[in-house]
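Presented as structure tokens, the chain that follows is alone, the form predicted alone.
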């Protein structure tokens, strides 16, 4: 959520930020109109309530019955007007709140302007793609041949875009999750195991609602939704709290399954496990003081890159343009090379959200004892997201006979197994 004072005092700045994102700046005018009407109603109703209080005291002192009854009748009419204005104020407040929740975050001025993800900028590429002396196979052929991915039974159980991991495939995923958690704990993150469902207010707090509600799996008959990412419960850990001086920064890491009801093209990525409704992810979340958030973003990216580097899989770093920021002020993606599908796969998205989420969730801190509370800045990034890391491992570490070499860093987590198949 944006600061209403910023919108009132610098509407042109806010409109410009929205236009850089490709959003309709008319939303600013709608917010300002609702804000003005809300403030007018509040001023009027408060003035009438002050009058009613003053006259009520006056009535208590009146001794002449006729005049007293006339004043009481006048106050009844005033009370009716106050009731009417209170109802109008509540309606305008609700409209204002909804308009504020729909406003996007404003991009950092250093973010490149673009109209689609095609204009994201590749900043650097790390590692050299492997040179094969055979035609590398895609992961779905490798997984089925090895008996570690079962697509047919996944569809039988839950429909399209679901799959079953088996045997060494299950163990590989579990090894990745445990290893990644251990790496991030070693980097200074505190591990969290949150609920995998949240109340609607938590999704509003991170910006998933009200704008992206179509992507969520809701539980019918309950105020509960399956989480689209661990970002939602972990960010809301400190919802409506004031953190004490010296408590920042706070760094958390969490593993969770994730569910996203994204509308996918019937002809796009129909094979394999790249684009699915349910997936597993290790997520890093940071709470920092505003003046440190850009440096914290660079650390977050480096922490995610540590995973890519250790797996010795070629990857690249992209800076996302204004059209691809989501609710962040600045965001970077990490993509791993998958030779079987000849594609760069996004495995991490690291974003700085400024105070946008903190305002929505009411997360503040005191810079010093006795100081006025301020909003924290929140950041999050995948560290990393599955199953795309599994795709990259299978396709980069495949051998001519169809077996898969287990990356060295994962072998202690795989019981010493060096090869699958």
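Quick caveat: nothing in here was measured; it's all calculated off a predicted structure. Residue numbers count along the first chain shown, from 1. The term rigid core refers to the most C-alpha atoms you can superpose between the two forms while keeping them within 1.5 Å.
Absent from the display: the form predicted in complex with the RNA. The rest refers to it.
S.K.: Any chance residue 373 has a heavy atom within 4.5 Å of the RNA in the model of the complex?
M.R.: Residue 373: contacts the RNA in the model of the complex.
S.K.: Although the RNA is absent from this view, report whether residue 37 comes within 4.5 Å of it in the model of the complex, heavy atoms only.
M.R.: So residue 37 does not count as contacting the RNA.
S.K.: Answer yes if any heavy atom of residue 418 is within 4.5 Å of a heavy atom of the RNA in the model of the complex; otherwise answer no.
M.R.: Taking the distances in the model of the complex, the answer for residue 418 is no, it never comes within 4.5 Å of the RNA.
S.K.: Residue-level contact is defined here as any heavy atom of the residue lying within 4.5 Å of the RNA in the model of the complex; does residue 66 satisfy this criterion?
M.R.: The answer is no: residue 66 has no heavy atom within 4.5 Å of the RNA.
S.K.: Pick from 85, 197, 242, 164: which has a non-hydrogen atom within 4.5 Å of the RNA in the model of the complex?
M.R.: Checking each option against the RNA in the model of the complex, the one that comes within 4.5 Å is 242.
S.K.: Does the RNA come within 4.5 Å of a heavy atom in each of 53, 60 and 76 in the model of the complex?
M.R.: Per the other structure, all of 53, 60 and 76 touch the RNA.
S.K.: Among 22 to 30, 388 to 396, 44 to 52, 349 to 357, which stretch has residues whose heavy atoms lie within 4.5 Å of the RNA in the model of the complex?
M.R.: Looking at the partner contacts, the answer comes out as 44 to 52.
S.K.: For 354 to 370: residues with a non-hydrogen atom within 4.5 angstroms of the RNA in the model of the complex?
M.R.: Result: 364, 366, 369.
S.K.: How about residue 79 - superposed on the rigid core, does its CA move between the shown form and the other one by 2 Å or more?
M.R.: Yes, because once the rigid core is superposed, the C-alpha of residue 79 moves 2 Å or more between the shown form and the other one.
S.K.: Kindly check if the Cα atom of residue 50 is displaced 2 angstroms or more between the shown form and the other one relative to the superposed rigid core.
M.R.: Superposed on the core, residue 50 moves its C-alpha 2 Å or more between the shown form and the other one.
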